[in-house]
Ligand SMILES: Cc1ncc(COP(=O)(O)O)c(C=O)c1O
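Before any questions on binding or motion, here is one chain by itself as structure tokens, the form predicted on its own.
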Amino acid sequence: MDVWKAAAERARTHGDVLVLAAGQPSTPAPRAVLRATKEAMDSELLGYTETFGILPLREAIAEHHRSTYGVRVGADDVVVTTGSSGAFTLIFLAAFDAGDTVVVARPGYPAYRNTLTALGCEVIELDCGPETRFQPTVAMLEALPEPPAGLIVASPANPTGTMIAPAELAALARWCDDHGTLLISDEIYHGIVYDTGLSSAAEPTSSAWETSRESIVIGSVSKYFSMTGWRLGWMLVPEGMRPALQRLASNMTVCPPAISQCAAVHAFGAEAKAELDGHVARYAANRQVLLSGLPKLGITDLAPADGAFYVYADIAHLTNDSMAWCTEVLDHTGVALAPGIDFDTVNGVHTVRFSFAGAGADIEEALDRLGRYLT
């Protein structure tokens, strides 16, 4: 957020900002969603809905999981939330008590750690490096003094873009089931994958519910569906956890945004998916530009970037203060990057995240500016 604020100020004063820091698509919602929004505004009351979301949306999400992963999912398994952020807060409150230990990968999405800490949980960060594709493993869990109350995984992950191989995700899910650990699988970047051997557009990454229906699956319309500001996410939830979630959600938010729910039903249709797959093709081209261009600038230590729209780079040869370095880069070039300190509390001082969700011309221009700055 500090970077975004500084980038906005630079845009106001110089008008030359290229934002490679944003963790969101640079495209609007699909046209089918926008049409449905206008229709809903004219015809729907748009008052409170059911706490867990309107039935047509839950049915659409259930069908999405059935057709994509071949898993048995019904509308009653789906809990619609105010963004995936709302889903995480609800499940943390419902599943964990103060003092419970929850394991996360480092580097990883900072809101896991920050929200859990605010709720009084003890967060255990597993140091995940290139040898495990920046992802946790069963061996790491076996090495813990005792099984944790929870494990959070993300595949594709933020900030690294790396994925967990299907067999490894299945092994993690089985381990959690065997040890009484709640697996929370963050799958919000599903749909944005590349032909890397672990997955492809034709063979998407696996879902935790393919192995364990005792796990929690988190989804969102923010990333693949290009609807970040609509604040709509969902969970697949075991039956026994739904009463607690119902009570919490009805008190905390009443329901997710009604207009977003009505519109998002149409995000899962064939027309929208054709448009969204076009975005993924653009991400793939931008990804290749970065993966080819950064080494020419001497930035060679890169995470594999199997999915999502990030390249995570180690820049220890350039700085040991990533926040200061990103500030200098913005000041001298107008290129906004995300410092690694949010994602990694130990090694983030010498890492940086590049987002390639924007226009291809902006990616190429950013590389040109960085090249001139580094030479």
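Numbers follow the displayed sequence, beginning with 1. Because the structure is predicted, anything quoted here is derived from the model rather than measured.
One more form of this protein exists, namely the form predicted together with the named molecule; it is left out here, but the text below deals with it.
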(request) Check whether residue 223 has any heavy atom within 4.5 Å of a heavy atom of the named molecule in the predicted bound form, and answer yes or no. (result) yes
(message) Check residue 188 for me: does it contact the named molecule in the predicted bound form (non-hydrogen atoms, 4.5 angstroms)?
(response) yes
(message) How about residue 231 - does it come within 4.5 Å of the named molecule in the predicted bound form, if we only consider non-hydrogen atoms?
(response) yes
(request) Indicate whether residue 112 is a 4.5 Å heavy atom neighbour of the named molecule in the predicted bound form. (result) yes
(message) Suppose contact means a heavy atom within 4.5 Å; in the predicted bound form, does that hold for all of 83, 88 and 158 with the named molecule?
(response) yes
(message) Based on heavy atom distances of 4.5 Å or less, which listed stretch (180-188, 90-98, 252-260, 290-298) is in contact with the named molecule in the predicted bound form?
(response) 180-188
